[in-house]
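Quick setup: one chain, the form predicted alone, written in structure tokens, and binding and motion questions come after.
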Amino acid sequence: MTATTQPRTAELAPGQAKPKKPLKVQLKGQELAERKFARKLITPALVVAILITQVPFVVTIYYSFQNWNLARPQDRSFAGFDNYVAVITNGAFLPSLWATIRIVGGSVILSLVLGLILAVLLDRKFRGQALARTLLITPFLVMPAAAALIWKFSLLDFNTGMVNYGLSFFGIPPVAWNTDHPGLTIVFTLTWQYTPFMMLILLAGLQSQAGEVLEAADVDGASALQTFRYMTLPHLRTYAELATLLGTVMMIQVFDPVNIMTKGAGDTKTLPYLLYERAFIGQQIGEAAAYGVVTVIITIVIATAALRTLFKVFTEEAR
């Protein structure tokens, strides 16, 4: 007695078409091909980005372990962690870090508050709205060096500055802003330049708020101030966090205003200027490279928090 086995697949009848693959499998293969094509498109840009950003950083790390002074260019040796020890112990790093925190923190807070006020004003319909937005964005498009020159000579100069000219109408004597209040001059410049950046992010948040919610609050008898405080501000919280973090990442790298306006005097020696001072004035390449690596690490920590907030915004918007 022999056992008969059943065929695994039924034979096709004459003229019967072969069944097609499931649509899900076809879509999966198409999606995989599109991903491979997308990777091929971005590969050249990725390679260029790595060469421009990562290779110099690796070289900077190498220099940070070298004992190299430009006054004696041929006298180079391996320094180990001596440069990093010097960064922490020479007494210049902590004051510079504190100056960076004060200047960047004050600029971010003022930019955020002014950006919120301007965003609320621009969120309304009025004649010339497009022109007003363009003019308010203009300071963010000005080069940092040009902005520093404008504020140093045209606005804050002791003799010919427009700020002192305006204060004279109120009987206030001229103020030597650049020498008596150097920290404020840097804060004024950064606030003027980065307020449009904060304004754009907050304006996007205002325009993403559902109009039905605001109409419901109006029907329920809520005043404009109550609606703004209890509904608009909570809605803008994520956008404000994003603007704060991204603005901090950009401002912490600012060098031109400090170099042009104060030369690091009056507790305005930020981390980027301290790096420049060690490299081009002190000619200590190894120590300057160590300052650069430490500054990059601090920036990466802030940037990581900023990117997490950015992804959180996109995730919440996609829901």
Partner chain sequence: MSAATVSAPSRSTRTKGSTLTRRKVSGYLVTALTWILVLLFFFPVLWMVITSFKTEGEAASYPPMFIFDPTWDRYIEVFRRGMGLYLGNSAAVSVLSTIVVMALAIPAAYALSVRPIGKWQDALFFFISTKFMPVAASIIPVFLLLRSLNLLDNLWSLGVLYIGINLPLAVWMMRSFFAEVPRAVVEAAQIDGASFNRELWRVALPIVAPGAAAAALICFIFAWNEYFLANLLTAVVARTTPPFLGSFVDGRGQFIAVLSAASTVAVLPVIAAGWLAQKRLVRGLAMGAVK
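Positions refer to the first chain, counted from 1. Because the structure is predicted, anything quoted here is derived from the model rather than measured.
What comes next is about the form predicted together with the partner chain, which is not displayed.
Taking the partner from the other structure, the partner chain in the predicted complex has no heavy atom within 4.5 Å of any heavy atom of Arg102. The partner chain is not shown here, and in the predicted complex it never comes within 4.5 Å of any heavy atom of Gln66. Although the partner is absent here, Gly161 lies within 4.5 Å of the partner chain in the predicted complex, judged by heavy atoms.
Residue contact check for Tyr84: none of its heavy atoms lie within 4.5 Å of the partner chain in the predicted complex. For the candidate spot formed by Leu97, Arg237 and Met251, no residue has a non-hydrogen atom within 4.5 angstroms of the partner chain in the predicted complex.
Of the residues Thr179, Asn90, Ser154, Ser77, just one reaches the partner chain in the predicted complex with a heavy atom at 4.5 Å or closer; this is Ser154. The partner is absent here; in the predicted complex, the one residue of Val213, Ile109, Ala204, Val175 having a heavy atom within 4.5 Å of the partner chain is Ala204.
Of the residues in 121-158, those that come within 4.5 Å of the partner chain in the predicted complex through at least one heavy atom are, in sequence order, Leu121, Leu122, Arg124, Phe126, Arg127, Gly128, Leu131, Ala132, Arg133, Thr134, Leu135, Leu136, Ile137, Thr138, Pro139, Phe140, Leu141, Val142, Met143, Pro144, Ala145, Ala146, Leu149, Ile150, Trp151, Phe153, Ser154, Leu155.
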